[in-house]
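A single chain, nothing else alongside it, follows as structure tokens in the form predicted alone.
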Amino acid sequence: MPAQPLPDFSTSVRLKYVKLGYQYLVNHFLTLLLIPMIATCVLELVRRGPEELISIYNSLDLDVIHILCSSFVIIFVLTVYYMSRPRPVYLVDYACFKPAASCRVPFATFMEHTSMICEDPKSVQFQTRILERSGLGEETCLPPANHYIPPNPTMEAGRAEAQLVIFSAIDDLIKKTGLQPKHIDILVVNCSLFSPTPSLSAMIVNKYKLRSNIKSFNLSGMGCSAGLLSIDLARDLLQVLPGSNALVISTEIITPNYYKGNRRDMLLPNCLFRMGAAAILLSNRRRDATRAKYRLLHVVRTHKGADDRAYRCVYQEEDSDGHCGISLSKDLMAIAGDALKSNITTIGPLVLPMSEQLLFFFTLVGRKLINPTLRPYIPDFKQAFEHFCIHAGGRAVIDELQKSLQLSAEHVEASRMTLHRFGNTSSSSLWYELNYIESKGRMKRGDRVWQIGFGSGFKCNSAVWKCLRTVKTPVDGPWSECIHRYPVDIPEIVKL
């Protein structure tokens, strides 16, 4: 008699529900264990009755000294625990710069200007191919100085762009929150490539007449992930300055950084980077918890600068003709993947449910002790977060993270649409993405957001936020006039 074939368990058993059952059992193990114990104790107390309980209490023979000492120990322990807890950091609100229509650079305009400025036809063809595959749309914007032929990258024009994008974002934030400039205790500004004297932070202090004792910081040269570095710095300052507000500004000034040469690895930023800025108000005052949008849970920073390849993969230098620009290495995606892996290793235990941590641990042990060729287990971060904000550095960056983290198209929708509508706005792109999610009405109370940024050095930084209240769909902001058109289909190649 021929042997009966084994059933196809992948179809006969609903593995999806088996996995859900496993996750529920492991993640709620303590609850499932404590409920029977508590129920047993309650039933035993009810069975004994009040008279027997009173007699047991009297038999303990506790005097006043014992009661006072026990009370003192309990109060002391609770006080130490309360005082040693980190102060909560709330994101009260934020605002993103909305560029004017006059700054728009459609593909035809960009390539017409490029062909008139660039003398090498091969460089023009190269930029055309990059733009066709970039994932950018027709509404991205460049500062006024870059619309000149040739561009006018002067210090004055750079300051004019900085004042436009930064002051506009701060004004919108003040309008939203009712914040008085005199109530700003901490100011952190990050802009990687434009670092004038006086600094951008001093420019803001002068414009808004901030207090003379304000804690002011200006971060430069730290790349597209500097926005989360600024959040981390502000968080640390808020831990030691009770009752304070922190204003964080994230931007990149494009005007002085237009590359005029023909090196292909330096022409990429011309095609991808666009103007933008974000202003974020943080607070550690508990009374702000009622009006704040989010609470900061974790910030994890990974720096790969000790490796020479990682250090030079995003590098500012001069070409053979003396033109200054930013070179992007061919190894950039591999280095970014390695940095992301290190960052995930740190952030995973902080955010992943126990069911995912156990699966990862058992797989790791199996690879080490049993079979080194065993496929590594990739944790399901969708169980830890409802929303993902991946730095919109380019289509390849988003594609790689979607594949590595096994995310759906909806999870990376905010990143793709931000790249399409605004381009790579450097460190502020994460806030345009968060505003996209809010503008779609998807941010609910209790939702968790994972922001992931990459930057020169090479760095990968993460921030985890928890939504404190269901966010109403914004009536203003960068997406207010176009959100009804998104998401849009972005073809692999747009023929120019």
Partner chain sequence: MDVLTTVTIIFLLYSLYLLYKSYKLKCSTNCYLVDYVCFKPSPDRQITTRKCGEIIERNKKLGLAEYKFLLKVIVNSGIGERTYGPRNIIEGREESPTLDDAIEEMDEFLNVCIHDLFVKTKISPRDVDVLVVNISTFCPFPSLASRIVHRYNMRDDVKTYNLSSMGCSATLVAIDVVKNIFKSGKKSIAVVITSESISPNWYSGNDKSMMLGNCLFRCGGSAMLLTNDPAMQAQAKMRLKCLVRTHIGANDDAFNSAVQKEDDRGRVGVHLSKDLPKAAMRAFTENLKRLLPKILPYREIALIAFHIVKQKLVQPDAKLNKVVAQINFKSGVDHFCLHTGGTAVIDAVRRALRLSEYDVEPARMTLHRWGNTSASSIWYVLGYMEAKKRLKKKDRVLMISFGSGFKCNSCLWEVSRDLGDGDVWEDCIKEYPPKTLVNPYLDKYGWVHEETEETFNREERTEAFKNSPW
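Residue numbers count along the first chain shown, from 1. As the structure is a computational prediction, the values presented were derived from the model and not from experiment.
There is also a form predicted together with its partner chain; it is not shown, and the following applies to it.
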field: Proximity to its partner chain in the model of the complex, single hit among 176, 301, 113, 133 (heavy atom within 4.5 Å)
entry: 301
field: Listed residue (199, 128, 383, 262) with a non-hydrogen atom within 4.5 angstroms of its partner chain in the model of the complex
entry: 199
message: Partner absent here, but in the model of the complex, which of 119 to 127, 358 to 366, 385 to 393, 155 to 163 has residues with a heavy atom within 4.5 Å of its partner chain?
response: 155 to 163
- request: Flag residue 206 as yes or no: does it have a non-hydrogen atom within 4.5 angstroms of any non-hydrogen atom of its partner chain in the model of the complex?
  value: yes
field: Contact of residue 223 with its partner chain in the model of the complex (heavy atom, 4.5 Å)
entry: yes
- prompt: Is residue 91 close to its partner chain in the model of the complex, meaning a heavy atom pair under 4.5 Å apart or at it?
  reply: no
message: My question is simply whether residue 291 lines the interface with its partner chain in the model of the complex - judged by any non-hydrogen atom within 4.5 Å.
response: no
Residues 210, 232 and 307 all lining its partner chain in the model of the complex, heavy atom within 4.5 Å: yes
- prompt: So which residues in 340 to 365, when you check its partner chain in the model of the complex, have a heavy atom no farther than 4.5 Å from it?
  reply: 342
